[in-house]
Ligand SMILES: Cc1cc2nc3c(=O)[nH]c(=O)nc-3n(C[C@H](O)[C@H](O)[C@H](O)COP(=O)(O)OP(=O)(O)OC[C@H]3O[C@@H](n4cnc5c(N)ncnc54)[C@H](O)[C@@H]3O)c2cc1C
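In the block that follows, a single chain appears as structure tokens, in the form predicted on its own.
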Amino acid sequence: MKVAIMGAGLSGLACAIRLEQLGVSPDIFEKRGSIGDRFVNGEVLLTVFSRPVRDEISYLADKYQIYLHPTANIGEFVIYSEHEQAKLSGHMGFCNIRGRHENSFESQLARQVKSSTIHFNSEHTYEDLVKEYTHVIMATGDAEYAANMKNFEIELTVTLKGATVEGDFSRYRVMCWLDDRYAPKGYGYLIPYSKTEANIVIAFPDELHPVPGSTDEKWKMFFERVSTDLGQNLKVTDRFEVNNYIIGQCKEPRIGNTLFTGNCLGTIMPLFGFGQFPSLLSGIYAAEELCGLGTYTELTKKLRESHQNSLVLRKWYEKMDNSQKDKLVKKMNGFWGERLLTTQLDVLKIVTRLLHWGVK
């Protein structure tokens, strides 16, 4: 068996680590010049979306000997709407760094790859690799290849506009804004890197701002709101903007000897955009299929179901106006909000069923 992995992101590196554990050393082909060679940003693992897993970091360590070190656990989650605020406390997940940073999840995974070769600045195409290797893992970090192969259902494309800011932050507090004035049908968030640095981002569907650069006014409003809510004069040290980022899901997880992982599979959760844990699991599951430890379609079944449940919630959320978001945030303040984010139940599945049954 000769395995090629296209992409040295979360799913590709997780796949390589698991393959090595099972006695296979794949070749990894990365089009960029180094691991995580893109803008730096913050992301979160929200355990409410990982049920029944309660702690993603310990799960990966104990079950797969994959060791990740987040920047902090999330002990407080503050949610703002136009006029309301909810403060929730308890263990709700983890913050981490992505991109060209020595402590990004990509960098941490790369240090755990032992015998596999990573080919940087690769110009190899899928068509090249499928001729030379018995199996190809499609882990390119975006769905463009899968879409070109007519094996991907695009559900929406989104714009993300963000910045790294300096200020005074709690490492254990994540903040989120639900407000159509600057994030229509979307959201804004703050994820701390440390006590002095954080990432702030707004994200919303491209259909509302199809022209790159047309988000400047909304970004200005968001930045002012964040500064006001923090009571600080934030200093911007880096910026980024991503347009037309595809969110959707693979039609077939495996076609012949090609397995689709990460964003090529559709591990981004449509509701709030994050999907690191399912991305890592998809890479692990691909390795286990190749080594006879399961069937990839069955192993990824729950990941794909969670994606569909998240999509139902996304469509429901997009219909809400600011007054409805005020009501939602007000209801989440305190006991019931904390129960929602810390419960062991599969919230995505339960709420999706309620919506299907017409319960408001």
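Position 1 is the first residue in the sequence shown; the rest follow in order. Remember, it's a predicted structure, so these values are computed and weren't measured experimentally.
Keep in mind the form predicted in complex with the named molecule is missing from the figure; the text below concerns it.
Picking from 303-311, 324-332, 39-47, 61-69, which part of the chain touches the named molecule in the model of the complex when contact means heavy atoms within 4.5 Å? Within 4.5 Å of the partner lies stretch 39-47.
Considering M221, L160, M149, V78, which brings a non-hydrogen atom within 4.5 Å of the named molecule in the model of the complex? Flagged contact: L160.
Assess the spot marked by R98, G141 and Y189: is the named molecule within 4.5 Å of a heavy atom from every one of these residues in the model of the complex? Looking in the model of the complex, the three residues R98, G141 and Y189 all sit within 4.5 Å of the named molecule (heavy atoms).
Although the named molecule is absent from this view, report whether G273 comes within 4.5 Å of it in the model of the complex, heavy atoms only. Yes - in the model of the complex, heavy atoms of G273 and the named molecule come within 4.5 Å of each other.
Going by a heavy atom distance of 4.5 Å, is K31 a contact of the named molecule in the model of the complex? It does: once the named molecule is placed as it appears in the model of the complex, K31 has a heavy atom within 4.5 Å of it.
My question is simply whether M6 lines the interface with the named molecule in the model of the complex - judged by any non-hydrogen atom within 4.5 Å. Contact with the named molecule, yes.
According to a 4.5 angstroms non-hydrogen atom cut-off, is Y172 in contact with the named molecule in the model of the complex? It does not: once the named molecule is placed as it appears in the model of the complex, Y172 has no heavy atom within 4.5 Å of it.
Going by the named molecule in the model of the complex, which residues of 239-254 come within 4.5 Å of it through any heavy atom? Read in sequence order, the residues that approach the named molecule (within 4.5 Å, in the model of the complex) are F240, Y245.
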